[in-house]
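Just the one chain here, the form predicted on its own, laid out as structure tokens.
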């Protein structure tokens, strides 16, 4: 099967859905592909209420935001959505063409413009026996609990005190699962104070300058050995101690899934502040391959609210390129840019802004 469209969107998480919504009620033919059987991406795992402004769904839970974003896109006759469909590779020799795998069959799809919103994958942590059953990424734990109602274990130790680690710890506690402690290699807690305060009020200790030395167990996890770190991130002899647990949850960061962008001949750059290798882009979310745009975690690891705003910006930028942008579209992009600036204005946003400066200044 060979299908053509005006705009291809790879990924139907918060960024992809918002980008697609830009083309509702237009004559632009849009195809959205999503590897999972459902739309919404990370939003479906997020049972907590969002912060921010009313426009960014403050006070609404993540899975409910997903329902809001899906509604108009699913009803649009010009937007065609394919789930359980994987982007298998880009083939420039056949024109602007992407190979996609669906139902164990390889298809080709042509397009004029593409928005890559593939998101991110979880980072791992290297320590002895880190492959024992009972060791999960935080995203896997969220999927088990919040989507399938399955408890990952009875006694959990969380590694990482960023927002994901703090939020997932609180969700575990809400599910009646014991969280014995949170450990953090850095000297300070990485997440928002409001999340950390919830954990502290429940008397869950957060140990900073501490890491995992090894996992203990034969057929499954039975405990971990943790150790304190000095100012040079080196283990301090004599500080080793054993903590029993049947579950270890790793919330040690995400890595942008930028492989498809490299295939599309987009220049990439390793930017630690953004989580890894990201595409060089301009303020319109346009890559060095002028027909490729990005949005969401593939552009740099941030919150879901940022992904939604970047999706709007990328969508409107393509609408502008296709000469179908209306004044309403341009206002949407202008507002999204302003909201992003406000979200990145605090101390945590300084790191993001530093990373963005590196990739935007590199754009030619």
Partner chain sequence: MNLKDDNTIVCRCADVTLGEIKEAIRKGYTTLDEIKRLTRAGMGQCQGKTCRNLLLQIIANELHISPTDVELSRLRPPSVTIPLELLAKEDANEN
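What you are looking at is a predicted structure, and each value in this text was computed from that prediction instead of being measured. Numbering follows the first chain given and starts at 1.
The following text describes the form predicted together with the partner chain, which does not appear among the structures shown.
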Item to complete: Given the partner chain in the predicted bound form, answer whether the residues 124, 130 and 262 all have a heavy atom inside 4.5 Å of it.
Response: yes
Worksheet item: Any idea which of 69 to 77, 109 to 117, 289 to 297, 271 to 279 reaches within 4.5 Å of the partner chain in the predicted bound form, heavy atoms considered?
Response: 271 to 279
Worksheet item: If you check in the predicted bound form, is residue 98 within 4.5 Å of the partner chain, heavy atoms only?
Response: yes
Practice prompt. Answer with yes or no whether residue 284 is in contact with the partner chain in the predicted bound form, where contact means some heavy atom within 4.5 Å.
Written response: no
Worksheet item: Does any heavy atom of residue 82 come within 4.5 Å of a heavy atom of the partner chain in the predicted bound form?
Response: no
Item to complete: Although the partner chain is absent from this view, report whether residue 231 comes within 4.5 Å of it in the predicted bound form, heavy atoms only.
Response: no
Worksheet entry | in the predicted bound form, the residue from 216, 255, 226, 181 that sits within 4.5 Å of the partner chain by heavy atoms | 255
Response to the item:
Within 103 to 119, the residues having any heavy atom within 4.5 Å of the partner chain in the predicted bound form are 103, 104, 105, 106, 108
